[in-house]
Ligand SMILES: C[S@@+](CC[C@H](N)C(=O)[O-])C[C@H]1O[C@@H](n2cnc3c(N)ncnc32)[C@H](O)[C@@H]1O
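In the form predicted alone, a lone chain appears below as structure tokens.
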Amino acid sequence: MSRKNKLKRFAEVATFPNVFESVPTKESFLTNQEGLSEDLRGNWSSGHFKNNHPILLELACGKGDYTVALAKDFPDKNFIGVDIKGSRIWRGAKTALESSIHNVAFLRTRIEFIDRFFAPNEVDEIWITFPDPFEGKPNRRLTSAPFLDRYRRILKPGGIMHLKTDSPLLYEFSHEVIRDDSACTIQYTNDDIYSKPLDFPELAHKTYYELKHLGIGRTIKYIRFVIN
């Protein structure tokens, strides 16, 4: 994509009613479509979605295709895709608006700050789909111990975590981190989910990046675990 198109999408996405951006000078505040500061911490369901449905996050959501697909599958749940790239979020946010999918929102921020924008026990589940495995930088991996601590602060007790990846490195690393954390329990793990009929139908959705990985012969791995 050209720089001109990226800048155009970046400007447009800031005007979408389903997109919020973090305000650097105000820790828990977000900027809405009108450019006004808004604090939704502890108030996402009633304040934005206008319901009391469970909240699920997709971290490093990229183009938001998985976020939107899950929202279609589960209309009785609220989904929030999180990514730092506004030009990527643009695609998922625009699709949700054009398709009148109202249980989807997007948050543009760094994952390191995720616990600033959600209250304790506010989030029911977290999806991590095809994140960067950060070879040589284990503390930047989204399943490293520092990140699990951030998720623990916002998840409900027994909150479910999902990791979907093509990376053997990240898959094995995540297993080790989860096993070393006495508050975490692995519920399900599979190092090649498409080798047999899927155990969970929501895994059938394929992101832009997953399709690229499958196209070059990589196997897709999945871990479902609980943070108690």
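For clarity, every value in this text was computed on a predicted model and none was experimentally measured. So that there is no doubt, residue numbering starts at 1 and follows the sequence shown.
Another form exists, predicted in complex with the named molecule; not displayed. Remarks below refer to it.
Participant: So which of 191-199, 169-177, 38-46, 55-63 is the stretch with heavy atoms within 4.5 Å of the named molecule in the predicted bound form?
Facilitator: Correct option: 55-63.
Participant: Looking in the predicted bound form, is the named molecule within 4.5 Å of a heavy atom from each of 109, 130 and 207?
Facilitator: So, yes: the whole triplet contacts the named molecule.
Participant: Though only this chain appears here, would residue 83 touch the named molecule in the predicted bound form if you measure heavy atom gaps against 4.5 Å?
Facilitator: Yes, residue 83 sits close enough to the named molecule in the predicted bound form that at least one of its heavy atoms falls within 4.5 Å.
Participant: Mark residue 134 yes when one of its heavy atoms lies within 4.5 Å of a heavy atom of the named molecule in the predicted bound form, and no otherwise.
Facilitator: Residue-level check for residue 134: yes, a contact with the named molecule.
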